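What follows is one chain in structure tokens, specifically the form predicted on its own.
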């Protein structure tokens, strides 16, 4: 049964890849897509060198957000935990803003992920520290602390945009990160992005057993040999790194880390060794489709994909919140 579910998710991922390639300012039929991929005219080269890397980058972003959301929900043992609501994504966006606007002695491909990771991890630690200082133990209070920190980070980011941006291009780039928009990489950049994502996802899948033990309760996990403090810090660090990598190429995209883990658990059950690969594939498929819709809805302009995820995710969050409150 598990193999069938993984196979179905892989089929969904393949269909989403095809749909993402067909969608755009100039939509294609499946037949036209096959012909274009094998052609050598200008449009075929644009399809291979622009649209295909863009769709693959969107898939990697979705996989990273889906798996990081699964990790956050697993370590906090609550379906409401999500990178955007816990401040990780806004923190990564603030770090990316600093890397873009400040003159740094580092190449952009190094500065962006490094500062995004520092922002994501720092924001997560700030939310946890604030909740502990206030004596908050429930996940609802933790989320409120995350909302407060996210608002502070957003205000700081806006201040930096107003005070440091002295030219239009830099401001437009930061706004793209703020609203959520998949960046189109060159093939060489995509290869580096894919390599980092593969390493991060492999490490994340290695945390599945520990997350399963933690799901039994802290006391049971400790009795079964889990170093709770070390494991929790490691999971939060790795999840923040995945969020930072996603924000580097996709900006602030909310609610994917909430919706996708929920669907993965609904489909594959509570075992993280199954739900995490499903979350990666479902997240990739979701982002490919949403990015395609964002490119095709109002040609030649693009809708920020973060707006689409917010439109879908906000009602979804309220439904999950209502179910959790009744429990």
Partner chain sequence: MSEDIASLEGIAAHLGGRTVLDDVRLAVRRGELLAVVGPNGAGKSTLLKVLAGVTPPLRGSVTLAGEGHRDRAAWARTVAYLPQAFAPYWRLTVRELVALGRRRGGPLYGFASPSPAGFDPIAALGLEPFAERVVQDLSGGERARAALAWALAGGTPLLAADEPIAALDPAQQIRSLELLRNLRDRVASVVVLHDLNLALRYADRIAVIAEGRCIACAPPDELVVGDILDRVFGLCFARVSWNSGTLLAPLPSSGTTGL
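Since this is a predicted model, take the numbers as computed values, not measurements. Numbering follows the first chain given and starts at 1.
Unshown form predicted in complex with the partner chain; subsequent notes refer to it.
**OP:** Using the partner position in the predicted complex, report whether residue 108 sits within 4.5 Å of the partner chain, counting heavy atoms only.
**Re:** No - in the predicted complex, heavy atoms of residue 108 and the partner chain never come within 4.5 Å of each other.
Original post:
Using heavy atoms and a 4.5 Å limit, would one call residue 34 a contact residue for the partner chain in the predicted complex?
Top reply: Contact with the partner chain, no.
Subject >> the partner chain contact in the predicted complex: residue 150, any heavy atom under 4.5 Å >> reply: It does not: once the partner chain is placed as it appears in the predicted complex, residue 150 has no heavy atom within 4.5 Å of it.
Original post:
With a 4.5 Å heavy atom cut-off, would you call residue 178 a contact of the partner chain in the predicted complex?
Top reply: Residue-level check for residue 178: no, no contact with the partner chain.
Original post:
Of 220 to 228, 85 to 93, 141 to 149, 119 to 127, which is the one stretch near the partner chain in the predicted complex, taking non-hydrogen atoms within 4.5 angstroms as near?
Top reply: Only one stretch qualifies here: 220 to 228.
Subject >> Listed residue (208, 104, 154, 196) with a non-hydrogen atom within 4.5 angstroms of the partner chain in the predicted complex >> reply: Exactly one residue meets the criterion: 208.
**OP:** Quick one: name the residues from 259 to 281 with any non-hydrogen atom within 4.5 angstroms of the partner chain in the predicted complex.
**Re:** Contacts from 259 to 281: 265, 270, 271, 272, 273.
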